[in-house]
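Take a look at this single chain in structure tokens; it is the form predicted on its own.
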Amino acid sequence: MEIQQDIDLAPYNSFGISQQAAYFADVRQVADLQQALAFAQQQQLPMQVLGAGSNTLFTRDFPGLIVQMNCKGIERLPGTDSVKAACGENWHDLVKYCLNNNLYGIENLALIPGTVGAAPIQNIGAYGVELAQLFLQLEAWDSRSGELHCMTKSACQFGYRDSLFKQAAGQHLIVLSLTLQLSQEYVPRIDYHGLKQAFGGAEPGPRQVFDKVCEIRRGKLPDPGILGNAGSFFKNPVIAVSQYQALQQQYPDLPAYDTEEAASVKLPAAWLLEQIGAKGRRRGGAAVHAEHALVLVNTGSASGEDILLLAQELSDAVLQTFGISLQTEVRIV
């Protein structure tokens, strides 16, 4: 494997932001990763692991080594309903593989951009299903000890769009593979409002759910190949029921969804942003998508700083209006 120098990162992030990486490594096997880690250590370089760049915003040139994880491979473990996939596989391709092999449970997570390796880091979720619900185990490389770890669900410390790997205590762990526990017996998960409304009380099959999720996502979210974006920029905030009840006095139409904790509810960040008139706002080459207030886009000339400043402007307005602090779902580099 060759360590490349002075690489434009525009092709490696879905915002299409043009920033330079001093060094870049395309990792396709563990030996490549070991070589990249040794190089960064020898040169005393900061290092950033990257998948498809679908959840990353670069705001300046990166002075160290970008390690793109491109390990490939999908297999059904013999005699089980479990599927193991390498970190560099495209997530949507894994969903299609499972559906084509009559393994169910993952169809609600169709068309989420990014790689398999990024999925547990973010604990991705959509339409009533979270990765943690399907998780069996993963393999991670310890960049400090040079050891391979097999990690259970509890070890990964999954939370809402969160995991150990996003915390300081897990920064040295690099996901190599993910194993999911699926089922040959299909149980539809259509309690999520958008799906329940779409099927009108009918019980769909897995292919119908897959197709409908793809249709909804394509209708709501712009194609990053045409208009640079990273999907939802902010997380849906979780607040105390008491705070929600107080807000309802002023905003009777404020929607909320149950969480696993009885004392808290989840609010749709898109609704909050719509109330402050976010749709269509611009800063430099950055804009809020006209159809979805949660999506910030690169209109073609945006810098990472443009997008970050627009996000901060929106977050400040929501805080001032509702007393709610929005947290970014996108990773800022």
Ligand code: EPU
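Position 1 is the first residue in the sequence shown; the rest follow in order. Predicted model only: the values in this text are computed from it and were never measured.
This protein has a second form, the form predicted in complex with the ligand, left out of what is shown; the following refers to that one.
Checked against the ligand in the predicted complex, the residues Thr179, Asn236, Gln133, Ser143 give one hit for a heavy atom within 4.5 Å, which is Asn236. Listed residues Gly105, Pro222, Gly125, Gly170 were compared with the ligand in the predicted complex; Gly125 is the one with a heavy atom within 4.5 Å. Remark: of stretches 158-166, 77-85, 182-190, 243-251, the one touching the ligand in the predicted complex is 158-166 (heavy atom within 4.5 Å). Site residues Lys196, Phe199 and Glu203 are none of them in contact with the ligand in the predicted complex, judged by any heavy atom within 4.5 Å.
Within this chain, Ala278 is remote from the site of the ligand in the predicted complex, having no heavy atom within 4.5 Å.
Contact check for Glu274: a non-hydrogen atom falls within 4.5 Å of the ligand in the predicted complex. For Arg217, a non-hydrogen atom is located within 4.5 Å of the ligand in the predicted complex, even though that partner is not displayed. Taking the partner from elsewhere, Met47 is found to have every heavy atom lying beyond 4.5 Å of the ligand in the predicted complex.
If you take 273-295 and check each residue for a heavy atom within 4.5 Å of the ligand in the predicted complex, you get Glu274, Lys279, Glu291, His292, Ala293, Leu294, in sequence order.
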